[in-house]
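Okay, so here's just one chain, in structure tokens, the form predicted alone.
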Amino acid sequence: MSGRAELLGQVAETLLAARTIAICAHVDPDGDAMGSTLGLTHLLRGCGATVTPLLASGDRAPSTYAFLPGAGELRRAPASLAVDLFVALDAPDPARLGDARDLALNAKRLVVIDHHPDNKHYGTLNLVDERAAATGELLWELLPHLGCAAERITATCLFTALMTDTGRFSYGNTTPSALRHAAEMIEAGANVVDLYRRVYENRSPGALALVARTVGRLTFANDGHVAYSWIDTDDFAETGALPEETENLIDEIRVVSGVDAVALLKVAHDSVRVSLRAKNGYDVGLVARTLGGGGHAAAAGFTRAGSLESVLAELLPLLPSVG
């Protein structure tokens, strides 16, 4: 048995041995976080466990993913919860678990399943593989080790995780393995057309107004090697867009030609949350880690205290420029 197969077997054995399980992904959950949390919830319930799916932040599922089976059951992480096992998904650092951080670190057993290269391996058992296109893909690989059949509900959730974290199968993490697993999910009942429509063709008028503002503020820096834009809290009030509707907003500026990296800055009262995307092989993950964040080489982010101007002054010198 290979080392990877052995680890998958150990994780499956630990999951099957627990009768009560809490599952939580990172704060401000994206498609991989939501799909993975709900997919594993359905999977383990099918194996006979009592599972509580939690949110690291907020008290409801983001509207973009509210259609996923079981999304209405998600609840804010409580101060205490007696379970045999806590499963942390798609969260490279305990701090990313937000309201659920202490629950995870104080749990009897903590399993971490993630694909971020900067994962801190903070679990009692860690299934971490940066080669995986999504955490949802790692969960799909667990299926045969759990001895559970691939059902439509699980396939629907995990396909959503894989589709969104590969940028609709367009990012550099779209490996042959990812496509093979996607095909298996489709064979198990994931409806590609419906899921694509629900995630990417279901924007509110407010979200489109926010897109217009973001594109209208497009700015080039570093001799044209970098493009960035920004939004602030007033934009939400004035357009009617919801904060969760910004998940794919950076893609609206990523499409610009001739740049090596793009940034979207979300300005709050005294801090700025920055999303970074790379083009042409530049490593924005290293930039994000330098400024206290993390992520992948092609997609990363960080939050920094300060103003738009002060954060740009720190960020731009770290991004590509002539020479």
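In case it trips you up, residue 1 is the first one in the sequence shown, and so on. Everything quoted here is computed from the prediction, not taken from an experiment.
Absent from the display: the form predicted in complex with a small molecule. The rest refers to it.
Using a 4.5 angstroms threshold between heavy atoms, residue 14 stays clear of the small molecule in the predicted complex. Taking the partner from the other structure, the small molecule in the predicted complex has a heavy atom within 4.5 Å of a heavy atom of residue 295. Taking non-hydrogen atoms only, residue 64 never approaches the small molecule to within 4.5 angstroms in the predicted complex. In the predicted complex, residue 311 stays away from the small molecule, with no heavy atom inside 4.5 Å. When you look in the predicted complex, the only residue of 18, 300, 23, 315 with a non-hydrogen atom within 4.5 Å of the small molecule is 300.
Site residues 45, 145 and 154 are none of them in contact with the small molecule in the predicted complex, judged by any heavy atom within 4.5 Å. Remark: of stretches 56-64, 267-275, 254-262, 34-42, the one touching the small molecule in the predicted complex is 267-275 (heavy atom within 4.5 Å).
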